[in-house]
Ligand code: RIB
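This document starts with one chain, in the form predicted on its own, laid out as structure tokens.
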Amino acid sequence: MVLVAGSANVDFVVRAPHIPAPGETVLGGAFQTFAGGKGANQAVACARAGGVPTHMLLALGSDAFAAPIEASLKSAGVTMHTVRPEGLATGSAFICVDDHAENAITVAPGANACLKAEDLPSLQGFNHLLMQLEIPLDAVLAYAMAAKAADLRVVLNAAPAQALPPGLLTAVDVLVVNEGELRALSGVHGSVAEHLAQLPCPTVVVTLGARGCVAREDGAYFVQTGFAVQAVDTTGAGDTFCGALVAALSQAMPLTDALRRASAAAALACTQMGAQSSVPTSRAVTDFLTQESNQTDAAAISALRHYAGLA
């Protein structure tokens, strides 16, 4: 069973031909609202794409924006442990998605900024704790230390990139980052493999967009190429990867298999609009992987290893 501690937002999404430059006004197209927030997205992915019992610690305002988030989590089968700080609005994110499915996001934390160490529920029955960095860092550190003491496996998606408090990374068993976050944390120049080697966590996974992902576990390196899909919106793809990865690991799946399943789930998420609304079911991920089972691209694997500095 997995516990996710993290953010929950309502996403305001507008399509535009391109993401505006500073000072530029762009005439957009369709506007929609979705349930989002890195924590809630990952909880939905863990439950829906991963198919495992999932709980979430979250903070919401006492406003109308909380309702669609609660409905989305409930629909995915996530059990909620909700904190409602007085006088604060539910978190929100303003997202522009361009014609190439890339996005730019600005987040107003709202209630998310009020999660405290004492809000952590009982850890009995859980085997993994999954967190991100859209809630206060002191809470993240407190939750990690409590989970470590309770013998849970601690997973941190260190996003958005920021300086981390001393001791946090040493309490993390599995670190998941994108390439920019990896470089910010490692503090060195060099290849992806050289950056991975600098981090103290036993397992580190770096997502590389359409290229796929690379992982280092106990000194060994693994690569998983990306799956080719017709991308519509990449919002939430990284969160879907994290949730599906932790779900697989919580079922004692080998890392290589977990990376493949997480990559497939993330690819499928790119084919639909929204964050939580785009998360595929576990059955959809399994069916997709069945179709892809005999399509090993040696050239793509070689190119990914070369890009990561493993060739």
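So that there is no doubt, residue numbering starts at 1 and follows the sequence shown. Remember, predicted model here, so these are calculated numbers, not experimental data.
A second form of this protein, the form predicted together with ligand RIB, is not displayed here; the remarks below concern that form.
In the model of the complex, which of 198 to 206, 171 to 179, 123 to 131, 234 to 242 comes within 4.5 Å of ligand RIB (heavy atoms)? Answer to the contact question: 234 to 242.
Going by a heavy atom distance of 4.5 Å, is A184 a contact of ligand RIB in the model of the complex? Because no heavy atom of A184 falls inside 4.5 Å of ligand RIB in the model of the complex, the answer is no.
Considering only heavy atoms, tell me if A275 and ligand RIB come within 4.5 Å of each other in the model of the complex. Yes, A275 lies within 4.5 Å of ligand RIB in the model of the complex.
Just checking whether K38 would be counted as a contact of ligand RIB in the model of the complex - the rule being heavy atoms within 4.5 angstroms. K38 belongs to the contact set for ligand RIB.
Ligand RIB contact in the model of the complex: V192, any heavy atom under 4.5 Å: Answer no; every heavy atom of V192 is more than 4.5 Å from ligand RIB in the model of the complex.
Answer option from V154, V78, A139, V107, heavy atom within 4.5 Å of ligand RIB in the model of the complex: Looking at V154, V78, A139, V107 one by one, just V107 meets the 4.5 Å heavy-atom criterion.
Which residue, C96, A215, A93, C114, is the contact with ligand RIB in the model of the complex, using a 4.5 Å heavy atom cutoff? Spelling it out, the residue with a heavy atom inside the cut-off is A93.
Of 8 to 32, which residues get within 4.5 Å of ligand RIB in the model of the complex if you count heavy atoms? Result: N9, D11.
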